[in-house]
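In structure tokens, the next block holds one chain alone, the form predicted on its own.
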């Protein structure tokens, strides 16, 4: 009886926590409403299954408890039950996968008008590279990474001569404009994650990955590494500041030092 009661309390408490917890309606800082919608669908499906299983377990514990004069029956096979469970599981998995595939297609389909920003992860800080007046990021080569060229910008590529490098500081972005975030890692596996943006992606050495988003409200948000990357993983934090267009242009103009460094390396 105690075990059955505890199982019922677990089910009721889990549902109550889900609806009453303060994180559920946290305001988002980007246009990823469909990601939250997918999470809601996932919560409904897994929540119903979880609650049903817990309550079924409580019913079994209560109904089939040891009592004088009752004996357990042995039924090694039940073909009808196996088919029903297999079919229900298949439908449940399909219901979980379908929204994810739709969202993934939106996640990687970048608008044509999006600007590009590069985020480079290394132990244990974030660096950023933005295109200069030409609007194009220059080529990079990991063999060129050094004290005067921390991001490995190719000095033989004219497109990279005006690139703006921001080292271990906050990244500023204008509100209301789509941004394609290009991701690279210099040393080990990292993951650039800003929770409010509902967007994250692994950064694999030797590869270029990306995601995109459109900031929809101003503010300062914390960027963390969501992949264990060594002893300093916990302190690998940065900031992403969403500002109005004029403030963004003023910040961009103040980053001339990063442009000079790229030019000097060239």
Partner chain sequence: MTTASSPLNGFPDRVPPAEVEDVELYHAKSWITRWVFSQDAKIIGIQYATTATAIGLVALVLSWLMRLQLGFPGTFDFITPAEYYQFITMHGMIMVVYLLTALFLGGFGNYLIPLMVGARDMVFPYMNMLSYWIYLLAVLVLVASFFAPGGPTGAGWTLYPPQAILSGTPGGTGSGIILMLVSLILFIIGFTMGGLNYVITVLQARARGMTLMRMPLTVWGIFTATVMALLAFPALFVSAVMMLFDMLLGTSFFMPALVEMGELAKHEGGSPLLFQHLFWFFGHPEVYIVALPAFGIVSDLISVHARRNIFGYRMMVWAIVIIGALSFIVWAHHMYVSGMNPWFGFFFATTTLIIAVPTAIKVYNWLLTLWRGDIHLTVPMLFALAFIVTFVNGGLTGLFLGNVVVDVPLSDTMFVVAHFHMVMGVAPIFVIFGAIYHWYPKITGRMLNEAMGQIHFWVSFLGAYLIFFPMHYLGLIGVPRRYHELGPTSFIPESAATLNAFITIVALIVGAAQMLFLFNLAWSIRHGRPSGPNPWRAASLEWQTPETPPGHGNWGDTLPVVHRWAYDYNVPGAAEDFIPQTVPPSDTAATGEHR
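Numbering follows the first chain given and starts at 1. Owing to the predicted nature of the structure, the values given are computational and were not obtained by experimental measurement.
Missing here is the form predicted together with the partner chain; even so, the following discussion is about that form.
A.B. asks: Applying a 4.5 Å heavy atom distance criterion, does residue 241 contact the partner chain in the model of the complex?
C.D. replies: No - in the model of the complex, heavy atoms of residue 241 and the partner chain never come within 4.5 Å of each other.
A.B. asks: Decide whether residue 252 counts as a contact residue for the partner chain in the model of the complex under a heavy atom distance cut-off of 4.5 Å.
C.D. replies: It does not: once the partner chain is placed as it appears in the model of the complex, residue 252 has no heavy atom within 4.5 Å of it.
A.B. asks: Would residue 174 count as touching the partner chain in the model of the complex under a 4.5 Å heavy atom rule?
C.D. replies: Close contact is absent here: in the model of the complex, residue 174 is far from the partner chain, nothing within 4.5 Å, heavy atoms only.
A.B. asks: May I ask you to check whether residue 148 falls inside a 4.5 Å heavy atom distance of the partner chain in the model of the complex?
C.D. replies: Residue 148: no, not in contact with the partner chain in the model of the complex.
A.B. asks: Is it true that 189, 196 and 201, all three, sit within 4.5 Å of the partner chain in the model of the complex, judged by heavy atoms?
C.D. replies: All of them do, each having a heavy atom within 4.5 Å of the partner.
A.B. asks: Report the stretch among 157-165, 112-120, 174-182, 138-146 that approaches the partner chain in the model of the complex to within 4.5 Å, counting heavy atoms only.
C.D. replies: Looking at the partner contacts, the answer comes out as 138-146.
A.B. asks: In the model of the complex, which residues of 89-111 put a heavy atom within 4.5 Å of the partner chain?
C.D. replies: Contacts from 89-111: 89, 90, 93, 96, 97, 100, 101, 103, 104, 105, 107, 108.
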